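In the structure tokens that follow, the same protein chain appears in two forms, which are kept apart as structure 1 and structure 2.
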Structure 1
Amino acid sequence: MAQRSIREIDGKQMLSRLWNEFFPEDLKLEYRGVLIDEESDLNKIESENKWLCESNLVVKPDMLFGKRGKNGLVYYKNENPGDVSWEDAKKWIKEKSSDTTTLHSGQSGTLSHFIVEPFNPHSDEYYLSINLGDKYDEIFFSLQGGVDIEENWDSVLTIKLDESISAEEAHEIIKNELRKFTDTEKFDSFVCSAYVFFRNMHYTYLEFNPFVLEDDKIILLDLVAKVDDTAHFLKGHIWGDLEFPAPFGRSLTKEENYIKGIDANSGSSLKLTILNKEGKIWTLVAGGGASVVYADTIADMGHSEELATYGEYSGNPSMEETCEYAKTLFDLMTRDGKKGKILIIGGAIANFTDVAKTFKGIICAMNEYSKKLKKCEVEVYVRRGGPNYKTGLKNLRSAGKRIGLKISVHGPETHMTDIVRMALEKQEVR
């Protein structure tokens, strides 16, 4: 995969845990915060975090999406800022998580994870973000942090750092650049230490907007972070049990979860995303690249709203895995019993995957769902190449015929996506 978003609380707790390792002694971070989700034992959390009852609190959803303030999802006041108690917080969480929330961006879903922290009255808000850029590591710093940073982008200082320089050299550059901007030397060591942390821990994005500096105390009011999960073999032991949650609004369906489970326990890749259960066009495509191309072509030919799923199987899955995958798809597709659905069994010319073997899995699923497929009058379009494709195609054709389905089978002599055209043209004729 690569860049993965992490929860705000995980980022903050990692910083807090590693603070003394990366940050100088004259900078302090006293982080307090808890994550509340559906399974939290609130009594236990309360007894382990006495400050919850002793402080005023701020509560926000911690589910990777930004602009929470603008979406009215930062709870910090009833009458006046800083008058939210633990009881209020619990009530607010319960209320927010009982219904669907739709963001300004259009994302929609149920709020399930909340971060609760003490309310910190403060004056000046600062901005820092660090990004793994195309050529350089990029640091963005501003003395005018806060929700409007994008509107105030003129106030942002950009520092570009070459990957190959040492931490000392980086410190020197950062210091010189910041000096043009502010006389507060504490910023130097904070920015530099944060940068070294970012680099060392294989973050790809780290943003504090805003953060507060009071004497020698750093308060991180908000944090957004992405971590490069391919660096797990280098840093996993330091990251600890780091969770990479799915983006907000994408809670998985039962079927998607089932395929995810097979995928997780297999050396091969099996992916399924349901886009529209009522869609007419269902794809069963081998290969990451080819699956995108099939979906593209259906959309580019003007039928995106009919596309039922996006998914792929690749990396030479076993017959059983392919069969389970196909069965899941056939089950979803025939559930409503409506007629005139199209099944695209597609794929490029495989490099090494044994086509006959994977098709055996599909045939096994077809046999099991033969009655339902027949009843829905599913039309099947097949195109595939690669090792043993001739045998695979032949077997699939006879299986389709035996069940009594309309099946159109093609090899590498037919352009990969041309079966989409065939299927859709026929559709339009009707």
Structure 2
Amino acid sequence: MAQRSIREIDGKQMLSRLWNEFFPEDLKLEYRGVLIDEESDLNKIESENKWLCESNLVVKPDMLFGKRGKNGLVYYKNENPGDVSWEDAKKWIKEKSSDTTTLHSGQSGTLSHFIVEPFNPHSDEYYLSINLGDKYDEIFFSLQGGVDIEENWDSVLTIKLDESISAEEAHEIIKNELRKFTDTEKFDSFVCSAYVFFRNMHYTYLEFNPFVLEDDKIILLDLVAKVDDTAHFLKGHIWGDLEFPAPFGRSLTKEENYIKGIDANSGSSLKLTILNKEGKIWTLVAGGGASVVYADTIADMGHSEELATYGEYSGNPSMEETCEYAKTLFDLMTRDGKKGKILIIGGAIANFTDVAKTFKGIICAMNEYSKKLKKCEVEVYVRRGGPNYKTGLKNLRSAGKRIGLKISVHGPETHMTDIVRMALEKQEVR
């Protein structure tokens, strides 16, 4: 599973589009909003959204960071309707996108994407978040939503749900727990339906902070969301053109964009993040969970500054996709010509990924970059298990020796972290 953050407007528009499928008829959601970026045709947006010139507006960046209000990045006025006009909004966006912005957290970057919505005057604010856990899901609910929710966490109700229970059982538990917390039933259907939406659409995190409930109408003032992007082949046609932007303050490199493009057109998951292009330790890892284990082990052994990349190939990618992924990595790895680099090809024990097939893709890339890999004196450490793993390991060992690389190959009898230690013991000597 790979958790990927999505833009606030994408989450709100998905909810709005699918509302009638998951929520009861007596609960309404009215959502209007537009996304403005560097390529937006403002005249076209205005002509297609007449409400922009008829509403009091609120404007904020939509770039995967929170605490926008505390950072002075929410533009609104509530004195009189119309105080923030469409012209005001455009002027504010131009001003904020023209210079570097530094957040209280220390992150710096250029603001490039903004969400514009009607301003909704309200009194009470509420909080709801749902988190996908390893053993159970967690629902957090409070009658005191807003920017200070963390400081008021003692006001939050926690509901834990075993992921194996049915929707009907989940509804019953949620309603019973809410009844202990508040004597009103008006939140029941919203929380229960939001949880069904969360699970059905393969979200891993969904937060409404704050949201407003007035009579039978839900108003989502703020939304934070992450989805399991390995479920794209299941839900991509429902998600629509869902973007997974880079975190604020960081732009994707050419290589990262290339892998992102392959990933977008694949039923598998291929991810690449470049941490240090001059690092000595490079990882070619199968599986999102395994990628965390390898990165954590490298960091625990005191080599985090030498870790060059973080990423994964999983979900049984084709030989061609794996080859392209590996070639991208090898090109980056050998570009500076420096010697003494380590390549860890790892993974857990696969359930359905054909190890021999994916290793055939890695061998394809090795053959193409054989001269550069040998010139850089790259040492290769391999650990993998799963379908056809013996054939895959045998072929990879033969390819490494044929090319002239120092290669150490191991199956599931060797623990994942042991292969890291083997590799880094060599690094210590150097």
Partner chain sequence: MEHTSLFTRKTQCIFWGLHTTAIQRMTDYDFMIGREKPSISGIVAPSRQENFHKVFFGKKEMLIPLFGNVKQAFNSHPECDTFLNFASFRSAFDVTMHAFDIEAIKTIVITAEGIPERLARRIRETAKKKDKLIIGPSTVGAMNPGAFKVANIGGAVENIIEAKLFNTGSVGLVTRSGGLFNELANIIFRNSNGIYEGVAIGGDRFPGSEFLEHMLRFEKNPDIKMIVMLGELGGSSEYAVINAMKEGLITKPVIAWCIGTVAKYMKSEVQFGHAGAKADKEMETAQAKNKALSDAGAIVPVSYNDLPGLIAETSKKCGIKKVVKQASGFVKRSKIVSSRRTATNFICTISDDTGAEPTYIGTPISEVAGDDYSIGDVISMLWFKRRFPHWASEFFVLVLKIVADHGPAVSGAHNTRITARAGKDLISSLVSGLLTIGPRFGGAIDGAAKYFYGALDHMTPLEFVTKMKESGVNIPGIGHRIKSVRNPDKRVTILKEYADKHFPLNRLLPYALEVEKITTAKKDNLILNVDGTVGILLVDLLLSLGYSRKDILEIISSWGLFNGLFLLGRSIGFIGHYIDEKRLNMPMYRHPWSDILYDARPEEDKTQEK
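Keep in mind the model is a prediction, meaning the values are calculated, not measured. Take the two forms, find the largest set of C-alpha atoms that superpose within 1.5 Å, and that set is the rigid core. Along the sequence of structure 1, residues get numbers from 1 upward.
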Among the two displayed forms of the chain, which is the form predicted together with the partner chain? 1
Tell me whether S97 is among the residues that move between the two structures (Cα shift of 2 angstroms or more, core superposed). no
When the rigid core is used for the superposition, does P121 move between the two structures (threshold: C-alpha shift of 2 Å or more)? no
Can we say the CA of E368 moves by at least 2 Å between the two structures when the core is superposed? yes
Core-aligned Cα shift of K260 between the two structures, given in Å: 7.1
